[in-house]
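Same protein, same chain, two forms; see structure 1 and structure 2 below, as structure tokens.
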Structure 1
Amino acid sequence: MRVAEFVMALVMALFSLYLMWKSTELPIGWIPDEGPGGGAFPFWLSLGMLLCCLWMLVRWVTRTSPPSRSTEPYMTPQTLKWFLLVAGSLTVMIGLIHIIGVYGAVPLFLIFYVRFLGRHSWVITGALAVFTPIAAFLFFEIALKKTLPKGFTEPLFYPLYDFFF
């Protein structure tokens, strides 16, 4: 566990530095009469992530966090099984996005994850599977005017576009 904490903090710190560098291709400050530049949110969020990673490394060196003192293995066979189930279901969901779109793939993933892996009730599962895609549609497509992939279901959305636009 100790090695895993160190490696993860180091990898995430390097990733943060890369994202900070890449986001400076766009303005990261405030643009008068416009608001934050296109790189502002990625840059400042990456800086926050870098600071958290550095704090993790400090706690690792001083052995003040429970994982930094742990001698337990990072992944037990049971943990590996759960990891493979989640990673596999996410991979299937991402593959389905190109076929049935985000608004079809996300509910299927939520049903599998919440009901079958999380063992929650059908009421909670159904509510999440129905309301998450609706909220995502309203947020991305209507509020931000950013379309998400819809696959072969795209014609089903034409009446909604007519209604909102």
Structure 2
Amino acid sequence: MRVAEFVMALVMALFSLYLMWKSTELPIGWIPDEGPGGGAFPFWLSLGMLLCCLWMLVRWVTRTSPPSRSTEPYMTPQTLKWFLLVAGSLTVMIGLIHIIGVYGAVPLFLIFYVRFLGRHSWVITGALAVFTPIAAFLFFEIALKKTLPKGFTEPLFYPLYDFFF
């Protein structure tokens, strides 16, 4: 926990510095008669972020904040396993949406999660994997008229579009 607290504060301090540097692309100073320039708001706020991070680091050194005193692990092996599996499968699903579209990626994700992480029966898994995309299609594409990304599976949907529109 103590290490994580330090690393997070440090990473966020670096991020603040990057934001400050990035803000200087627009005037950060005071324009007479007008007030702050376009970059000023993000610049000074990022400076504030940096100061907060430094404050956290001071508290880390003096061990005055609870996480900097804690000897508990930041993540137990069990937690880490679940975190990696869940966040990993989410990343893979979002990545796959670019290629095989929502209607390919979502069922795969549901099958992986419900069957292999949740250890539920194939009946439940199958029902979810089939009905979730259908519900999503009817709700978003038909009712809301917002097309979801389909990747290379797009042509498969032409007959459906013809039917509904």
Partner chain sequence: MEVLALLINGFAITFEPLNLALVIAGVVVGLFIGAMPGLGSVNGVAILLPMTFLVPPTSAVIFLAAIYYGAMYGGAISSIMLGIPGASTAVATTFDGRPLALKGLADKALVAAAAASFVGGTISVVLFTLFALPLADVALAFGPPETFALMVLAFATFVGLGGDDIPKTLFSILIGLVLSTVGLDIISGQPRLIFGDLTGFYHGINFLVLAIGIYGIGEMLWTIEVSQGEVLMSKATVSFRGILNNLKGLKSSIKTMIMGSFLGYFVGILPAAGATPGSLMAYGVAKTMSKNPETYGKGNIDGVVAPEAANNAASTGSMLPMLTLGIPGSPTTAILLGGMVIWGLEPGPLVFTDHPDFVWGLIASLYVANVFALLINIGFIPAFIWVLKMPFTILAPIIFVLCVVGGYVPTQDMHDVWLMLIFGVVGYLMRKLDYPMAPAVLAIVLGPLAEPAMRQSLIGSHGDVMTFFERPISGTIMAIAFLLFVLPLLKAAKGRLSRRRAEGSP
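Please note that residue numbering is based on structure 1, beginning with 1 at the start of its sequence. Throughout, rigid core stands for the largest set of C-alpha atoms superposing within 1.5 Å between the two forms. Small disclaimer: the values here were computed from a predicted structure and weren't measured.
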Original post:
So which is it, 1 or 2, that shows the form predicted in complex with the partner chain?
Top reply: 2
**OP:** Where the C-alphas switch from fitting one rigid part better to fitting the other, that's the hinge; pick which of 74, 94, 50, 139 sits there, comparing between structures 1 and 2.
**Re:** 74
Original post:
In whole degrees, what is the angle of rotation of the smaller rigid part relative to the larger one between structures 1 and 2?
Top reply: 64
**OP:** Report, in Å with one decimal, the C-alpha displacement of residue 25 between structures 1 and 2 after core superposition.
**Re:** 23.3
